[in-house]
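Before any questions on how it binds or moves, here is one chain, the form predicted on its own, in structure tokens.
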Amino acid sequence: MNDAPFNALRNEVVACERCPLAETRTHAVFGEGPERTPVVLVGEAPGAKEDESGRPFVGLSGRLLGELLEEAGLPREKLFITNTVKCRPPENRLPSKAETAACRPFLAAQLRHIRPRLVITAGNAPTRALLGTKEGITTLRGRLHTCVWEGMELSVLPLFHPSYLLRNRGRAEGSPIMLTLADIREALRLAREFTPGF
């Protein structure tokens, strides 16, 4: 795989001015992780810590996600992690439809380059964006979904967003944390099924 197009795409994201978020961001957050991985994790948008550092999922919810990935046997270093929107919306509000649309070609190019066998979506926004549904994460999580998005056939496994897990940290059976651990373990099982040796 030629890395040059991916580096060019990274440079394009960093310099992007396609929407007004460029005026308020500190850093665009391209994403990070190996380009040759069968698993991509897609979140919603950068928060304050991500905007400050230029890295995805490094704030409180991101640290919790990293801990759960590690506990389930799928450390974040094995995934490529990105967001549907590459710049932080002010006050961490939900990205607008226009902002999501402006970043859509970037996410499509990332997925086209990496060609993941499995896409893990964190929360409603990326799940709905990829699956083209209005159903919520509570209904969609726990099942593998297939779709065609931007001409690509994708296998999508939705998770609760880690910010929701921060507010629901109990570990009783059936709790959001325990369901998420089960979902991540299933993601690992699927990744190994799709890509032996992963």
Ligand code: URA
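The first residue of the shown sequence is 1; numbering continues from there. It should be emphasised that the depicted structure is a prediction, and the values quoted were computed from it without experimental measurement.
Another form, the form predicted together with ligand URA, is not on view; read the next lines as being about it.
Trainee: Only one of 169 to 177, 40 to 48, 147 to 155, 127 to 135 has heavy atoms within 4.5 Å of ligand URA in the model of the complex; I'd like to know which.
Mentor: Selected stretch: 40 to 48.
Trainee: Even though the partner isn't displayed, in the model of the complex is residue 110 close enough to ligand URA, meaning a heavy atom within 4.5 Å?
Mentor: Contact check for residue 110: no, nothing within 4.5 Å of ligand URA in the model of the complex.
Trainee: Heavy atoms within 4.5 Å of ligand URA in the model of the complex is the criterion; list the residues of 159 to 173 that meet it.
Mentor: Read in sequence order, the lone residue that approaches ligand URA (within 4.5 Å, in the model of the complex) is 161.
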